[in-house]
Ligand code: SAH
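Let's start with one chain on its own, the form predicted alone, as structure tokens.
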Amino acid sequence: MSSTNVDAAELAKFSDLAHRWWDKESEFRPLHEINPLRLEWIDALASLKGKRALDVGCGGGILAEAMALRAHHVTGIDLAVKPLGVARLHAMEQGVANIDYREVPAEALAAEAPGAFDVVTCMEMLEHVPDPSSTVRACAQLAKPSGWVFFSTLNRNPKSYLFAIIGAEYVLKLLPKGTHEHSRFIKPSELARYCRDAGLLWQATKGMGYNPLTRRYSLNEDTSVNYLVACRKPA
């Protein structure tokens, strides 16, 4: 078990912005705008109703809280204390009672509660940890047999550097400068290997695009920049 798969600088980066997490016009506007797309894709495949779900790297709780409105119960975990505080406060303000947040590494929770969740999500997190394969293994361990595991991350190629860093951070200013490091982006082939090594069965892939003219995001088949992956744990 490893509880050291964490980058202190990455935690600090998101903690400094924690108070703006639920401001839909803040640096987190992209997360708010893509959240319905991700939620519908997850729900269409895994059917959240009556399920126990886990959001790994939940931050301020945007996806976790949305899943809680459909699932039986949701647990959100993160290692950044301030975003977790924001998540708890927002859930309380909204009266969302079937959700709890914990400051615990995915690897530690996997040792504590293996096979505890019907659905495990890990969105926009793998590119922020030193060892993404360790996180993938933990997510696989946390899922029940036949459970679903979802990841989203960024592809590593010249186009993703142009769009996700130069375009999103410097030109369109959708994200704060320094949000991402291109060297940490993960090719689908690499993520496929992590999933295979963790015993997960790759089920579906979607790309995500942004139209700067309409300022809208959409799911598509282009995985060259942002992409989402759905896996299942064997029965």
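All values reported here derive from a predicted model rather than from experimental measurement. The first residue of the shown sequence is 1; numbering continues from there.
The discussion below concerns the form predicted in complex with the ligand, not included here.
A.B. asks: Just checking whether A110 would be counted as a contact of the ligand in the predicted complex - the rule being heavy atoms within 4.5 angstroms.
C.D. replies: Residue-level check for A110: no, no contact with the ligand.
A.B. asks: So, in the predicted complex, is L11 in contact with the ligand at a 4.5 angstroms heavy atom limit?
C.D. replies: The answer is yes: L11 has a heavy atom within 4.5 Å of the ligand.
A.B. asks: Indicate whether the ligand has at least one heavy atom within 4.5 Å of a heavy atom of M67 in the predicted complex.
C.D. replies: Output for M67 is no: heavy atoms all beyond 4.5 Å of the ligand.
A.B. asks: Look up in the predicted complex whether A53 has a non-hydrogen atom within 4.5 angstroms of the ligand, and give yes or no.
C.D. replies: Taking the distances in the predicted complex, the answer for A53 is no, it never comes within 4.5 Å of the ligand.
A.B. asks: Tell me, which of L31, L45, M208, A192 has a heavy atom within 4.5 angstroms of the ligand in the predicted complex?
C.D. replies: It is L31.
A.B. asks: Between A164, V119, I99, M125, only one gets a heavy atom within 4.5 angstroms of the ligand in the predicted complex; which residue is that?
C.D. replies: Contact with the ligand in the predicted complex is made by M125 alone.
A.B. asks: Among A143, K187 and T223, does every residue place a heavy atom within 4.5 Å of the ligand in the predicted complex?
C.D. replies: No residue of the spot touches the ligand in the predicted complex.
A.B. asks: So which stretch, 143 to 151, 110 to 118, 79 to 87, 156 to 164, is the one near the ligand in the predicted complex (non-hydrogen atoms, 4.5 Å)?
C.D. replies: Single hit among the candidates: 79 to 87.
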